[in-house]
Structure formats: structure tokens, C-alpha cells
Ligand code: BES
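Only one chain is given next, in C-alpha cells, and it is the form predicted alone.
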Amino acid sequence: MNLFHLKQFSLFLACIILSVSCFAQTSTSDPHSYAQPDRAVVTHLALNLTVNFQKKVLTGKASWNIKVNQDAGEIVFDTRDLEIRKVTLGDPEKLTTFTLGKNDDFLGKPLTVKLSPGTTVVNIYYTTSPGAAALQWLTPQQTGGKMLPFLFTQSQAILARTWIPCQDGPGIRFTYEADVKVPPALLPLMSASNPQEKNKSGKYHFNMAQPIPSYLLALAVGDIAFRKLSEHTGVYAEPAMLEKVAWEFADIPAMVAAAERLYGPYRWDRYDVIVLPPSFPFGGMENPRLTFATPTVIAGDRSLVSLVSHELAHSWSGNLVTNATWDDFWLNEGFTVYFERRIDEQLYGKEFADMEWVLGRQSLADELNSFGEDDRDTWLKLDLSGRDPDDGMTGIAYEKGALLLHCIEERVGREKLDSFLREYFSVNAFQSMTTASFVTYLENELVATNQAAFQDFDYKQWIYGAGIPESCPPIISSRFLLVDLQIAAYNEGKPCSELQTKYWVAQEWIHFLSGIQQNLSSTRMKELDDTFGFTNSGNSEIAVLWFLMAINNQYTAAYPQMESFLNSVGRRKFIMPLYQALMQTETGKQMAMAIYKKSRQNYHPVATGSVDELLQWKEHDKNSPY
């Protein structure tokens, strides 16, 4: 049977999960949600939305099917900056009373709705705020086509509540359907079944039959076109970008096949990718059926497509088996990085995957160094109580989590670990997982039958301890060893023109730039640039490393291109290090303020929140000398 043809099975499984284990899977206390799912929990959403670009608001009706435990007289939803116009119960609808609690800066306000006996449906009529943190409204000038506006959402971690009243915790799953009205010239897409072309009415219906948590709710609206890659995969982008995107992501069908061979069937019917405008704040977002991706991966040489491997892998680790709270974030991201590199190894070979592992290990070392050796945030199991969960979304969860699985593979062997993970995704499909529950599952299903392999390996220290335990084995890349020879030659003064760099791929250039001397004269910077063209690199990963070197060495020839980059790219991973580097000197600070003043409108609120804090932007009004 074709592994994509699982819709009926998925529906059946979802029904079982929702009817049998609804309360069991949501019993974990979540410090980032006001919901009380042990008393009353949502099971299905029927959403009706109108998108208003003039007012920059969504006007909607969220009808929630709910399951009430015993005689609970109320249900609690999460909201933030929403105008709640009225709430009704049932169909036919009857008005009910509701209250909005005290506001918290990042949690928002609890919406408590009074229930009548036997209530199974709650209807919430609402309007979003023009400044809703999950929504970015782009003017035509901020898009590739320059003719029509664009809207996209970013719900992770707890921003879904800024555009839909919901129970906004990753441990609560529901199915959904939606009717969305947009201007006829635009196409809406969701993390659901999607249209592939525009219609004249501007009215579209969506359906998500598999249960998801709220952070995977997603909407994009714009001048969007579709290109088929295979029977069950394709890409969306603005028309001017579509050809480049289709070429860059041509390996997606092969990626899906590789992932299925590793860890079982893809359970979400289709896998499509949309490349958003440059202001998207992340590399990608794993919204089910429709990955949101940054255009910074469109390098023209398919050198950065491992980002797609990563988001695809989330279809198992994260979307299928989900962290129960954001304290368990590593269960989503650490597993996904490991899975991503296994996909890359199948498609591009072990040498390629080894380079990714080494770069990840180096990135982890840098991040650990920035935190400090004993910092609590370097544990895998986080403690984010009283904090915005975005604070925990660091590289620790990604790379330390993946490294733990790599260490386990080294001890038990790849075959046993693959069997364990395949069963883990199957047995726990469409459910949430706490760190403690995973440890128990690991001990029962892998440690107990491989005790000798774990005898000298303290996996709990990895999870509940700081830094990297000494039991971590080294990872070596044979291709990087050759690059290291060229790094040594350059550092000893060898001219760039004599370095052996032919056939290098992006990962080798990244390793080279990270390894050469960082304090260079303007003459040596110019020689590097003239020989290798770093200032005008089409690869964003390489460009950012070069711009950091340019800032540190005051190589002003790269500044105009760096400013253009900061003005057009909103990916937080890239812009934050550049602004941080600029802020180290008074001259750089003035430059950072001037660039940000022009560029801020092009960034998503997720990015501006980080940069505002770094630059203390609230202290600088429009009359600022910067």
C-alpha cells in the first residue's frame, strides 16, 4: 500500500485517541496555559475567519467541540490581545456569560466561559488586534511581487492565542476545519488540506483530520502559486520565486521516501512547503502538511535543503509525538535534528552528514560557552515557569538532544536504535510526551534489554544536568580534515589564490570561515573577498559569517551589502548575531540603530521582540540621534 494513502486510518486513530484518552494525555500541568483540561478540554475546532488587510485584523467565530469531565461548570481558554465580542453555547446558539482575567505580558488573559449542563459546543466571536504577535501583515512593497499584500502567522510557542481563542498548550490536541474569506486576488493556505489555485469568490474551506496542538495552527495569505513535485508533494511561493523554489526543493519526494524508510509511514496525507517573504523570523516552521520556510534557504545550489529535512522530520518528532509542555522542548527538536541528519545521510551520503554533525557540535560548544558551564538553561529538561517559553528555544534543545541520541546509537548500534524510534513514533502517535515519560519508555524499551551498553553511560545526566557529559564521543568529518589543512595554510600566510578549495560545498566554506584567524587586516579581508566573493554570497549562512568578520575587522566594503541583508531578511538566527556584533562599539551601535530604524517594519514581532530588547529600542523614539 502506498504509505501516503492512510487518511481513513488516521481518522479512525484520531477518533480513538480523542474519545478514549482525552483527559489522560492532558493531565500534565502546563505553566504557559490557563486551560484546565482535566476539567474541560477542546476536541475539535470549526473556524470561520475573514481577513481584513485594510484594518490588519482577523474577524472570526471559533466554535469548539468540548469534552467536560464530570460536572465542570466552566471552561477556560487562552487569549492575548483579542476582542471577545460574545460567547454562545450549542447549536442553536444561546448566549452565555464569560469573564476575561488579569492580563500577563506573554500569557495574555484567561477567558472563562460559563457552561450549561450537557454543553458540547462553545462559540466564541472575536476580532484580533492589529498588533497581534502571531500575525505579520506585509505591504505590497514588502513582498516579491510588489503588487499585493501578504499575511502569515507564527503560532509557536504560545502565540496561537493572539489570533484564535484556544487552549494554547502543546499537550492538548484537536482536529479542525475552517472557512476563510480573503480578497479574490489572494490565495489562503493553512496547516490543513489546501487549495492549489485561486478561485473568484475568495472563499476557501480547509480540513485537518489529524489532531494537532494549537501551536501548529497556521495561515498564510498572499499572491501565491503552486508547483507539483510528486503525487503527494509540492511547493508554494510568490509567482516570481516559484521556479527557483521548485528547483531548490526538487529532492522533497526523495526526502519523504527516505524518512518513511527510517521511521515508518508519513501520517499527514500530503507534504508541501511554502516559501514565505524574507521577514519570516525562523528557518522553517513544521506546520502539518505545509512547512513554512524562509527564502534564505534558496541559495541556488541546494546547499541548504537540510532545513527541509528538518521540518519534514518534525512530521514524526513534534507533530506526531509532541512535547507535553515547553519544558520538554528537546523531545521535539533534539529528535528532529537526529532524524534530519539520518535523512541527509541517506540522500547525500555519510560524508555530508558528518559535516553537519561537526558543525552542530561546534555550534553547541559556542552556545554552552555563552551560557556558562553550570547554567540551568543548558539542561535538556527545562524549567521555564514564569518565563516566556521562547527563552528556552535555544540550540541546546536541538544539538544536545541530537547528540544524546547519537551517543545512544554508538552504544546500542544503529539497528536497535532505529527499531526503538520506529516503535516510539508508532506507539505514541498523536499523543504528547513528557521528559519523565520518555525516560520511563527508554528504560523499559531499550535500556532494559541492553544493560551492558548503558552500564557506563549516564543518560539522565544528559537530560537533568548542565553542559555536555564527558561520555560524549568525538565526531570527525574526513572532509573537514582536508579543509583544516587549508585553514592552517591560510593562517600561515599562504595566498588565497593558492588554497585548494575547488568543489567545496557550503558546509566546507562555513568550516573554513569559522576556522581561519578572525582578526585580519583590511588587506587580508580584501584578498579573501576578491578571491572568493564572500560579500556577495548567495548563501545566507556564509554571508552572515562573513559580515560578522567584516564588523569585527571594520571591513567597510561589506557594510552596504550587510545593511541590505539586514533590511530584507528577518530570520532571527541571522539578524541577532549581526546586531549583537554591531553593538560592541559606539560606531557600530550608531550603525545598528540607523539600520534597525529603517528595517524594523520588515521584521516579524518574534524578531522585533528580541532585537528591541538587545538595542533597548523603547528608549529610542523617532527623534533619536541614531
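Remember, it's a predicted structure, so these values are computed and weren't measured experimentally. Start at 1 with the first residue shown and count on from there.
Only in words, not in the display: the form predicted together with this ligand, which the text now covers.
Here the marked residues Q154, F282 and E286 all reach this ligand in the model of the complex, each with a heavy atom within 4.5 angstroms. Figure note: of the listed segments 478 to 486, 154 to 162, 138 to 146, 418 to 426, the one touching this ligand in the model of the complex, with heavy atoms no more than 4.5 Å away, is 154 to 162. In the model of the complex, this ligand lies within 4.5 Å of some heavy atom of R571. Taking the partner from the other structure, this ligand in the model of the complex has a heavy atom within 4.5 Å of a heavy atom of D390. Using a 4.5 angstroms limit between non-hydrogen atoms, L307 touches this ligand in the model of the complex.
Taking non-hydrogen atoms only, E311 approaches this ligand to within 4.5 angstroms in the model of the complex.
Note on contacts: among F329, F249, W316, F150, the single residue with a heavy atom within 4.5 Å of this ligand in the model of the complex is F329. This chain is drawn without this ligand; in the model of the complex, the residue among W268, Y236, Y398, Y176 with a heavy atom within 4.5 Å of it is Y398.
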